[in-house]
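In C-alpha cells, the next block holds one chain alone, the form predicted alone.
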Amino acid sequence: MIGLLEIEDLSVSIGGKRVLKNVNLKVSEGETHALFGPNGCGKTTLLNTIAGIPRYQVDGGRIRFKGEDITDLPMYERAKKGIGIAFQHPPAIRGLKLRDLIKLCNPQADADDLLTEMDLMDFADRDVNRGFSGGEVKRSEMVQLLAQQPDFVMLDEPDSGVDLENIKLIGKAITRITQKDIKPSKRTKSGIIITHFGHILDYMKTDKAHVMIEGTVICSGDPREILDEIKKSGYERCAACLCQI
C-alpha cells in the first residue's frame, strides 16, 4: 500500500531535552493506527511534531507526507496539504464563535448540518470551547475536523474525560472523517489515534497499533491483541522488550 505518512529515524527535543528517539512509523493510505504508551513517553510529542508545532525541535530524521519531505514545513503549510489534528486539551478562544470557526476551516462546509450531527447546534454562537464540558470540547474538535476533511487526521486521546455516549458519537465522527466502510471506489483517508484505555476502539475501526516507550516505538501489531496484553500485563512487558533492543 502507498505510504501516506512515513516517519524515518525521527528524533525530537523540547527545550533541549530529547523526547523522541529514532522513531520509525508508516501509515498507508486508508489505514487508521492506534498509538499506546504510558504517560510522558512521547505520544503527544509525535503528533504535534507531525503537525508542525514550532516548539518541537527535530534533531534528526525525516517526515514524509504523500511522498514529500515536510520536515521543515510550517504548520499552516502542512494543514493545507491535508494534515489535521485534534488536541488532547484544545484551548478556549474568546471572541470566536464556533459557527465562524467552522467556516474558517472550510468556507463550503454546512455548519448547521455538522453542528446538528455532533449535537452542538445550541453552541453555534458561543465562543469556541468557553464553558464547554469535556465531551462538548471533544465534539467541537470533531466538528472542526469534519469541516476540514483532512487526508490525514491525528487525534490525541479523544476518549479521555468523556462519557460512553460521547465516546460513541466521537467514534462515529472519526469513522466518517476517515471514510471507513464506504464504497471501495472512493479513496479512504488515514490517521493516528492516541488512546489511553482503548474505549474509543469499540466504536471505530483501527488497522494497526504501536506501543511507544521512552520516546521509541518498540512494537506494532493487531490493535486488540496489543491492548489486551497491556491490560493484562501493563507496560512492564513492553519495557522489557525495550531493554533487549
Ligand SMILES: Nc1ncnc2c1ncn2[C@@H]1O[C@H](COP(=O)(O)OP(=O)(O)O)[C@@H](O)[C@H]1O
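Quick caveat, the model's predicted, so the values are computed rather than measured. Note that residue numbering follows the sequence shown and begins at 1.
Not pictured, yet referred to below: the form predicted together with the ligand.
Does the 4.5 Å heavy atom contact test between N106 and the ligand in the predicted complex come out positive?
Because no heavy atom of N106 falls inside 4.5 Å of the ligand in the predicted complex, the answer is no.
Report whether the minimum heavy atom distance between T116 and the ligand in the predicted complex is within 4.5 Å.
Answer no; every heavy atom of T116 is more than 4.5 Å from the ligand in the predicted complex.
Against the ligand in the predicted complex, would G61 count as a contact residue? Criterion: heavy atoms within 4.5 Å.
It does not: once the ligand is placed as it appears in the predicted complex, G61 has no heavy atom within 4.5 Å of it.
Using 4.5 Å between non-hydrogen atoms, is T45 touching the ligand in the predicted complex?
Contact check for T45: yes, within 4.5 Å of the ligand in the predicted complex.
So, a 4.5 angstroms cut-off on heavy atom distances: do all three of G15, P38 and C41 pass it with respect to the ligand in the predicted complex?
Checked in the predicted complex: all three residues contact the ligand.
Using heavy atoms only and a 4.5 Å cut-off, determine which of T71, Q88, T175, Q149 is in contact with the ligand in the predicted complex.
Of the listed residues, the single hit is Q88.
Would you give me the residues of 142-157 that have any heavy atom within 4.5 Å of the ligand in the predicted complex, in order from first to last?
Contacting residues: none.
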